[in-house]
Structures are given as structure tokens and as C-alpha cells.
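First, one chain by itself in C-alpha cells, the form predicted alone.
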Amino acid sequence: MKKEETVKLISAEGFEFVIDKKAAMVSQTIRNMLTSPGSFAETEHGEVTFPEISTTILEKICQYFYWSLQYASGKETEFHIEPELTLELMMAANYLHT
């Protein structure tokens, strides 16, 4: 996979998730960060840092991005969310517009 086809999402703890750009574009916020005109660091380097989102939550969000692409293509499967992650995940999803 080419570097321009991926995006690096960085959690509050500094853990890096390299995912398909198409998957990352599920988030309206990330899409805006990566496609905005101008010389923004996110656009130039293809990486976004989330200082308020923990590694555990960002990992679940990345899983959701891929699940969402599969669901949109007609593959209906269940997306399991652990109850202890629900509140923090909802806050992150609200910020990311997913």
C-alpha cells in the first residue's frame, strides 16, 4: 500500500495507527483535516494527532471505520462495543462526526 493511500492516526499516548485513507474518510472531521486547502500539517504529512483520545478508544474507532465501509458495501455484521468504553467512545465519535 502506498503512503499516500494511508493515514496515520496518533493517540494521546503516542500510539500510531496506520489505516487506509478511505477508512479514515468515514470521519467528517478527519476528512476535513486531510482535504482542507492550504498548507496544514495534517494535509501535508497525512497524519492526525488526537491528544484527547486514548489508545484504546482510537483503536475501537479505527475498527469502526473498517466496519462502516463493510456495512456500506452490503456486508451486515454486528459491531460489538464493550460497555465500559461506551461513554468515552460516544464522546470521541461525536467529535469525529462518525
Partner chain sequence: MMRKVPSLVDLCVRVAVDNVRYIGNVGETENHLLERILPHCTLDQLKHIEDSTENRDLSPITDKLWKEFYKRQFGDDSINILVERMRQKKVMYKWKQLYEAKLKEREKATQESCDRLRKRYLEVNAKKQSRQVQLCTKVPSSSAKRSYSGGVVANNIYNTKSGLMKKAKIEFINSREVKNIAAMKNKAVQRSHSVSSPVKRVTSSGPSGLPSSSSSSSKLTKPIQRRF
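Numbering follows the first chain given and starts at 1. Because the structure is predicted, anything quoted here is derived from the model rather than measured.
FYI, the form predicted together with its partner chain isn't displayed, but the following is about it.
Contact with its partner chain in the predicted bound form, defined as a heavy atom within 4.5 Å, is made by all three of Ile61, Tyr71 and Leu89.
The closest heavy atom approach of Phe50 to its partner chain in the predicted bound form falls outside 4.5 Å. For Thr6, no non-hydrogen atom is located within 4.5 Å of its partner chain in the predicted bound form, even though that partner is not displayed. Its partner chain is not drawn, but in the predicted bound form it has no heavy atom within 4.5 Å of Phe15. Along 74 to 98, residues Glu76, Phe79, Ile81, Pro83, Thr86, Leu87, Leu89, Met90, Met91, Ala93, Asn94, Thr98 each place a heavy atom within 4.5 Å of its partner chain in the predicted bound form.
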